[in-house]
Ligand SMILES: Cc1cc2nc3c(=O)[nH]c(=O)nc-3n(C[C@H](O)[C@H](O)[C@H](O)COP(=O)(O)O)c2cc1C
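Okay, here we've got a single chain as structure tokens, the form predicted alone, with questions on binding and movement later.
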Amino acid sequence: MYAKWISEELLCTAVPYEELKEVKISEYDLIIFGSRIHAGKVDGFRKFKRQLEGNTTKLIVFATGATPAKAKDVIDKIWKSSFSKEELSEIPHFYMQTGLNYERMRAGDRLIMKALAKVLRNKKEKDSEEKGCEQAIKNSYDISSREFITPLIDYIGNNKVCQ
């Protein structure tokens, strides 16, 4: 959904990762890579970086997930596990909260999430973060919002990245 909204706002083409082989990356001045957070990392980013090797194309990354956007420390850990120190300072990156969709999850991921939910439910004394996590992973939900793309769009406009 976010890739669609970003492409509409910037009047650019969104290409699904599976179709990337058909695109000549070096022909573009800017690539915006978007993916989900999976197992504490930006899913597919390392593989994508290998395809960029040798290109001078500018890169912006956005990631989506269920972690509340206000949990900055958790999101920072995700960025640190996905980027090198150099990349963290050089590649603009943005987080956009979405939610959880148990119906679309792989069986193993769904099992892990349900196990975590059970552990949290049975824990007697929970801190506020654990209480929030317990509520957040109970059921599927989607809080995606077009307004969450604003920082990325503003970054591009303010830095004249597309010109």
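What we label the rigid core is the largest C-alpha set whose atoms superpose within 1.5 Å from one form to the other. Note that residue numbering follows the sequence shown and begins at 1. None of the values given here were measured: they were computed from a predicted structure.
Absent from the display: the form predicted together with the ligand. The rest refers to it.
Which of these residues, Lys131, Arg46, His38, Lys123, gets a heavy atom within 4.5 Å of the ligand in the predicted complex?
-> That would be His38.
47-55, 101-109, 23-31, 123-131: which one contacts the ligand in the predicted complex at 4.5 Å, heavy atom to heavy atom?
-> So the stretch in question is 101-109.
If you check in the predicted complex, is Ala66 within 4.5 Å of the ligand, heavy atoms only?
-> Output for Ala66 is yes: heavy atoms within 4.5 Å of the ligand.
Contact between Ala136 and the ligand in the predicted complex at 4.5 Å, heavy atoms?
-> Result no; Ala136 lies far from the ligand in the predicted complex.
Within a 4.5 Å heavy atom cut-off, is Ala117 in contact with the ligand in the predicted complex?
-> Heavy-atom contact with the ligand at 4.5 Å: absent for Ala117.
Using the partner position in the predicted complex, report whether Met113 sits within 4.5 Å of the ligand, counting heavy atoms only.
-> So Met113 counts as contacting the ligand.
Core-superposed C-alpha of Ala69 shifting 2 Å or more between the shown form and the other one | Shift of 2 Å or more: no.
After fitting the rigid core, is the C-alpha of Ala115 off by 2 Å or more between the shown form and the other one?
-> Ala115 C-alpha, core-superposed: shift of 2 Å or more.
If you line up the core, does Arg106 shift 2 angstroms or more at its C-alpha between the shown form and the other one?
-> Superposed on the core, Arg106 moves its C-alpha 2 Å or more between the shown form and the other one.
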